[in-house]
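Okay, so here's just one chain, in structure tokens, the form predicted alone.
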Amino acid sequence: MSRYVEIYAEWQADPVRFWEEAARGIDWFSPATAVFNAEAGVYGRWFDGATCNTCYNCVDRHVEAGHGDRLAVIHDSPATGQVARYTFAELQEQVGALAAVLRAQGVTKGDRVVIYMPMVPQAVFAMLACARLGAVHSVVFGGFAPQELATRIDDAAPKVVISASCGIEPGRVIAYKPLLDEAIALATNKPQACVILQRDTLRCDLTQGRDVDYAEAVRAAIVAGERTECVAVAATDPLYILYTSGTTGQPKGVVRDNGGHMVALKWTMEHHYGVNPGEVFWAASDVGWVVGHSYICYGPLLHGAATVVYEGKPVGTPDAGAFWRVIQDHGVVALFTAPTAFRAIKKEDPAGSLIAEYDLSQFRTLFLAGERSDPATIEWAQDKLARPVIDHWWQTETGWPMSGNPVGLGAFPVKLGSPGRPMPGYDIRVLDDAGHEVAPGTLGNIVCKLPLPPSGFPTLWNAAERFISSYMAEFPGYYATSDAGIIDEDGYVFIMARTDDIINVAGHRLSTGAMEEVIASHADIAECAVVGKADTLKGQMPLGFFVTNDGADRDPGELERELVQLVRARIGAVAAFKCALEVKRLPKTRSGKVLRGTVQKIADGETYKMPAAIDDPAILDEITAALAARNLIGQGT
């Protein structure tokens, strides 16, 4: 039986007491003077007056408790064919020495450090070393273009940048150092030093007087016995800045605090993900995204669990069995990945035949988030894995699940297409554009009643007014998620699309996500996207794109007719869905989100900015060619 209803009611009845109890899972240097101070910040601050250190809670306290020999970090790199493992005691040594190197470069409490790294364990060490010193890290996805990196360097004004000579992806090596050097040349705020990890695959020249060799400096610090204490910071002090990867305009620097962040993540590891200390948790993401912050670095280590840092892909390293091999080799009990990863696996291995080649006996639960999980993908995973598949939903701004199905409390029944019910801490509502709550099952704006729970962002870095205008002004008293969806009569949340992806067809507000759900249910479809294309008569018309499963030898025109009929049968003629194009690939960010907004601009014949986080820019040319072949660029008549 699930305890969800009971625990959610406990939170509703007394939120302060609920989080006060959860905070007992964290070691504090001094207690809070107020568990929640409603007068602080824009909507109040959690654990006001407390002092703490995030690195101490992730590393040192486990060693002090006698768990120094327990496994902490596993680096699995099919890109290099190497695997490395670090215990908590070894993690403490590496992090303490790196913190000493940073301190020697002048980094102190409150200073910023930009981390521009591939998926190597040193990226996690760098985050923890900053936290150890009370410095504020800002991880920028490795391989971002120089202009994008320069923008973030200028905004964060880091004293030091930590980077690597290269990143390694299937079929290509990305030289980071030239990108970093160009970014620093472009930036107005120049860092005082760069700490560079030399990788054997592609080494780089170091700039005299500025660059420090990571391995040499850390090795020297270890030999000299140089360590650093865990600096006490206020619970409300910033731990990190994480810039959102918008396709236009200045990126927003989401700020995360120390105290509330630790409390929320520690709570989720046990209660949401159902993981025990000493077990292995794997978030198959990147440290450059919020999932990597919360559930590669901080969450598992706070809980005393091991975390996997994976330098590879779901397919192609070497095949669609890559995930099963990692789960087997490291005894992973729970995997958290994006639905797009499973769509890629399903496309290459529709029968799931590779699963049987691996021992998954320790694997308990698959968690999906990052983009809408279509029912077809969840059903495929449920069928092939014969294990619970849990969809959940959250955002960079919150840092942990807003809705889900808390395995640690006993899972409740899954509803396909829903990322569960609101988690304790979140009072989620659906409002119309005028700010009025709508009836169950009615599409509207998904919002969360303030205050946000612990770990919710208190502001944007250097942009307090933008924090209000972007998130708080549209619906006073609520945090606007910019997601659209419904809450049904049972309290299940359904995220249908970003509010920008709700299209207006002849006065009817329609969800592109609902259409995608129908298209994805077709047996021959691996993945799909629907955008709203400008139309002079109806305002907008839905335009579909689809990728077929490997081995699905179908005539594109015939398949298009079947998809049109399917949408008409499931949603109705009101959808006005008439066009679906077969494409080889969909353009995505490196975290797997489909770039629907960019595709829409191409279809409408508008100029667009190349998305900073795009995985392969060449895909946009493929989309353009597919549209041009059907004369579908520009406004319809």
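In this text, residue numbers run from 1 along the sequence as written. These numbers come from a predicted model, not from an experiment.
One more form of this protein exists, namely the form predicted together with a small molecule; it is left out here, but the text below deals with it.
- For the chain shown alone, H392 is a contact residue for the small molecule in the predicted complex, at least one non-hydrogen atom being within 4.5 angstroms.
- Proximity of T396 to the small molecule in the predicted complex falls within the 4.5 Å heavy atom cutoff.
- Among residues of the shown chain, D155 is not one whose heavy atoms approach the small molecule to within 4.5 Å in the predicted complex.
- Contact between C204 and the small molecule in the predicted complex is not found at the 4.5 Å heavy atom cutoff.
- The partner is absent here; in the predicted complex, the one residue of I495, A187, V430, C194 having a heavy atom within 4.5 Å of the small molecule is I495.
- G370 is the sole member of P422, G321, G370, P451 with a non-hydrogen atom lying within 4.5 angstroms of the small molecule in the predicted complex.
- Exactly one of the stretches 384-392, 443-451, 459-467, 86-94 approaches the small molecule in the predicted complex with heavy atoms within 4.5 Å, and it is 384-392.
- Within 4.5 Å of the small molecule in the predicted complex, a heavy atom is found for all three of V290, D483 and N504.
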